[in-house]
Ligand code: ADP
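For reference, the chain that follows is the form predicted on its own, supplied as structure tokens.
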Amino acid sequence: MTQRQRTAVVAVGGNSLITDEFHQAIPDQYEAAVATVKRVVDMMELGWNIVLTHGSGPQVGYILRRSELAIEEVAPVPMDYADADIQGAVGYMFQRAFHNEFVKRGLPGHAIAIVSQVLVGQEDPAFVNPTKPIGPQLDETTAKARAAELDWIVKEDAGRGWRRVVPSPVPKKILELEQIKLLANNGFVVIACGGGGIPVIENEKRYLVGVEAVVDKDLASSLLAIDLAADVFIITTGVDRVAINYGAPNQEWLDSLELNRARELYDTNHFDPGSMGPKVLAMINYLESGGAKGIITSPDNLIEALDDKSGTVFFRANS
């Protein structure tokens, strides 16, 4: 696995590690990671070099909720540190899952997780208009009660319940990019930009300062795929394909989306800004920056989607 052939950036959603409301514990999340890793290693056996990213929306919310419940006894956890905590914890899940799968198959691969910082703009409008859902889905009454008690902002999350929302500034630069490239080019499976990366700004001295926000992992993953000149950019999520009119009687599943059509649908608000919207925008950004092929699919259908037999394939008209 040390010979690099084709490079894929695979972005795994934080929600995909929680299969249902009865399997939210850490061992359950690990088992979900194991299932995804099996399909990713299938890709590796087909000759793909993998850089894996992951979301953290539910997990960051859990850390912050634990902090709120324990605030009378221990100091609270700032959001950027919660982002870092999740990069370590979920990165460990994937590292261990990759190691065990390599041993099981008799493969010589190695995985490594990198604590990744992402530069964002201090004046990003997201800081005054929070949209990124974190934590578990709640019923409306509970969500609004916690909002009043804890000074949260809460919104309905694509019909799945109510969740806390926080600022999600646009990622501008992945600060550990050179380290990621070095490791990927030397045959490691790199787990990077976990949770979208830890959002930081530069102060007047050009020192880095963490901010209270969560970077969207799909947009950060798209930036990483662009910077790595990845041959394919894949986002796994809870559905097998992208749909327009999702949840409505005229819902339509899409097998493929040409770049201009994807931009048209995105600009006319066909995708929920708290769920599928950032994923489609991430694909648009990747293709507009020269990317070859994008895919949105479920973890179980990774291999089929690579052969255009599943998922939604994003492409440029001249590709």
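Worth saying up front: this structure is predicted, and the values here are computed from it rather than measured. One rule holds for the numbers: they count along the sequence shown, beginning at 1.
Keep in mind the form predicted in complex with the named molecule is missing from the figure; the text below concerns it.
Residue-level contacts in the model of the complex: of 41, 276, 63, 32, one residue has a heavy atom within 4.5 Å of the named molecule, and it is 276. A heavy atom within 4.5 Å of the named molecule in the model of the complex is found for exactly one of 246, 92, 81, 127: 246. In summary, the region of this chain contacting the named molecule in the model of the complex, judged by heavy atoms within 4.5 Å and restricted to 65-73, 276-284, 257-265, 32-40, corresponds to 276-284.
If you check the named molecule in the model of the complex, you find a heavy atom from every one of 14, 160 and 238 within 4.5 Å. The named molecule in the model of the complex comes within 4.5 Å of a heavy atom belonging to residue 242.
Within this chain, residue 48 is remote from the site of the named molecule in the model of the complex, having no heavy atom within 4.5 Å.
In the model of the complex, 217, 218 are the residues of 211-232 with at least one heavy atom within 4.5 Å of the named molecule, listed from first to last.
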